[in-house]
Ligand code: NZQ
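We begin with a single chain expressed as structure tokens, specifically the form predicted alone.
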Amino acid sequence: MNNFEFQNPTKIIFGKGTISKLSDEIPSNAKVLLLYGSGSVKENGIYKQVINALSNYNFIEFGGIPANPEYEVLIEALKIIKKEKITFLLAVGGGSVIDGTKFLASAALFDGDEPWDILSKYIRTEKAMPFGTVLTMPATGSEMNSGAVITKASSKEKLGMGGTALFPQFSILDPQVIQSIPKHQLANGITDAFSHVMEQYMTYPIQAKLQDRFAESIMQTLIEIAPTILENPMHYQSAADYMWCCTMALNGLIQKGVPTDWAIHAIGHELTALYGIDHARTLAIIAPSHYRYNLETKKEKLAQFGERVWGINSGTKEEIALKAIEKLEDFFHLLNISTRLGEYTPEFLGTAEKIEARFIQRNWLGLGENKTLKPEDVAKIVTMSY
């Protein structure tokens, strides 16, 4: 296991009826900007619970943050923050709203002239406006980490940001919220969380036995509860397991002391930026091809994944590894998620070359846990996913 440091300052408030505890967490003299997405929170009762909890606060609202939080929309919110002298941000939503709020928390105190520089120039955020979250869509783990991904619609770019100041002060996780989430979004959430674990697990052995088993337990739990979540999201215990799996998949714990990959995410972000494909589905498109292309360097962990997570006990390491990739695809298909790019867009021809050119332009010349995946390798992986 590698050396590491780990600190996660986010307070988690988990369980039934916990939205009412908002007033215990936000300073009483705060001027709050309440941020949410398309407005579904007003239909499922969450908005009403939040408004009731904020009844004694001075707050204003900003809705309409899209599923892939757009820079152009967030800039309008930033204008409100500055004009109204907002002092606290509250994200009520899933990963997109929370990511957008993280950008605003950073941009509100940014010293530069162009907030997009935070992303395009990879500027770490060490000071930010305080914020908290009420999670409405488990998937990304953004409620307990310090990362965010923002889309710039005008240039069709999707870039990441992060920094120590971007941990939420608190996050409220009430598993009952998933009752109103459409089935395809629940499938996305399961896929997203599973993929987050894979990016931190599917590298090479480093004798981090506990970290491996943390990761494997999250994946096994998601596999076990997925059918129940999709058929009966009102089943509270499964909902609770699902929500906590999504948070634990990307709160920083399972990546400590181990190598991590993230090439799948880097490629997947481009598919979302180019074609608007749901983030989780881009990961399902790229993952099988990525693992097959990199079979030799990932064979040991793929075989371990096959044995421990899928119970594959016969064959050589390579045979078990290949069967494990098939099982992963089968799992995505069980969730009704396609793993072929051509099933999402008729414009897929030439995608590999577009992404290769973008990575060269950004000087992203070495991806993956070994930093050996070159742009031309990325192009081959994307082509395999057609």
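Counting begins at 1, following the sequence as shown. Note that the structure is predicted; figures quoted are calculated from it, not measured.
What comes next is about the form predicted in complex with 5,6-dihydroxy-NADP (NZQ), which does not appear here.
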Under a 4.5 Å heavy atom criterion, is residue 261 part of the interface with 5,6-dihydroxy-NADP (NZQ) in the predicted complex? no
Interface membership of residue 298, 5,6-dihydroxy-NADP (NZQ) in the predicted complex, 4.5 Å heavy atom rule: no
Please check if residue 290 has a heavy atom lying within 4.5 Å of any heavy atom of 5,6-dihydroxy-NADP (NZQ) in the predicted complex. no
Although 5,6-dihydroxy-NADP (NZQ) is absent from this view, report whether residue 181 comes within 4.5 Å of it in the predicted complex, heavy atoms only. yes
When 5,6-dihydroxy-NADP (NZQ) is placed as it is in the predicted complex, which of 233-241, 135-143, 300-308, 116-124 ends up with heavy atoms within 4.5 Å of it? 135-143
Only hit among 211, 87, 185, 221 for heavy atom within 4.5 Å of 5,6-dihydroxy-NADP (NZQ) in the predicted complex is 185
Note: exactly one of 46, 328, 341, 352 sits with a heavy atom within 4.5 Å of 5,6-dihydroxy-NADP (NZQ) in the predicted complex, namely 46
Can all three of 37, 67 and 265 be found with a heavy atom no more than 4.5 Å from 5,6-dihydroxy-NADP (NZQ) in the predicted complex? yes
Could you list which residues of 185-220 come within 4.5 Å of 5,6-dihydroxy-NADP (NZQ) in the predicted complex, counting heavy atoms only? 185, 192, 196
